[in-house]
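Form predicted on its own, single chain, as structure tokens, below.
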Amino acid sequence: MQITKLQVNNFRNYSAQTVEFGGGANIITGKNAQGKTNLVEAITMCSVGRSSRTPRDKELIRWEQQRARILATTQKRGGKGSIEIVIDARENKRVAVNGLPVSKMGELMGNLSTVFFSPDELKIVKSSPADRRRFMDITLCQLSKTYFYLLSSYNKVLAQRNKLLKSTDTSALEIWDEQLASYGAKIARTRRHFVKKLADHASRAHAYLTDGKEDLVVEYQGVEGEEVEEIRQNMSFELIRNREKDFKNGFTNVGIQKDDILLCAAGKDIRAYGSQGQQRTVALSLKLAEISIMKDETDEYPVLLLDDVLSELDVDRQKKLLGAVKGFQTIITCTHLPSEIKSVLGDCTLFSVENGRVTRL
């Protein structure tokens, strides 16, 4: 899978720009605040329908403009495709796939699969469980529209249940509990199976990155059970058992919104006790594992987006990372490209960005 062309109009600091990418490594250099990350953000929008930097779409519109537009041209084994996103200051965001408007965001998923890594992605290791759940969900939504709709349904039911917990009328609580356990069980089973695959791939990636000096253990932490019915029963039991606590707190204390991923390396919980270097290496291992899972599931590599990551890694880690991702499309932003790194990449497509203008070198 590749993105062959990206067109942006009135997006962030770009008035009008077209960028044609190569099929291998694409290096975008430039000083800070010139627009490198904005290009990556536009690609992410076409992949998952939302920005990696802000939940407010209207912030993406260029200053004093009313509308922003992104158009990505893609190439998959099945042929060429296109994704268009229009963000309007007065209306809802509009999305079209292959020229046809889509009314549900789930229909966007899988048309342009990406793996995104930036310094902020260290959050998947060192920050809250919510960041690790987001990591799972972004990957799984790209792999399965069904998962996207299950997650959306679960979150709607959860919001209704939490609203009910704050009211005096609790007559419908059992109905919401039944739906929450039903949706939650399917999501939990999918996540559990995903983490098993993640553990295998991440362990190998971590051994590669650390020259075999550290073992990485990755485990799913959530509602107990292997199959959907078992998980549903366990979740239903826990919802009943925690009902009094839920009423007291005014929110639901049980469910997939509490899931986490255990990450242990060198015999310790890296989430809490790892050094910054260890946490960075584990995050990188998870991202490399994500690429492998997407390749296994779709028989195509995703587009890898590395936004200012090289500056966070020592030269040895830089070389190992770039050596691991050769052979499929990668888009890398950096302030400059060291000569030793360019030698690892070999043939690559070079761009420079200055004040919202992209030049192919």
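Note that the structure is a prediction, hence the values are computed from the model and not measured. So that there is no doubt, residue numbering starts at 1 and follows the sequence shown.
There is another form of this protein, the form predicted together with a small molecule, and it is not shown here; the text below is about that form.
Proximity to the small molecule in the model of the complex holds for none of 7, 16 and 46, with the criterion being a heavy atom within 4.5 Å. In the model of the complex, the small molecule lies within 4.5 Å of some heavy atom of residue 34.
In the model of the complex, residue 308 approaches the small molecule with a heavy atom inside 4.5 Å. Using a 4.5 angstroms threshold between heavy atoms, residue 52 stays clear of the small molecule in the model of the complex. Using a 4.5 Å cutoff between non-hydrogen atoms, residue 316 does not count as a contact of the small molecule in the model of the complex.
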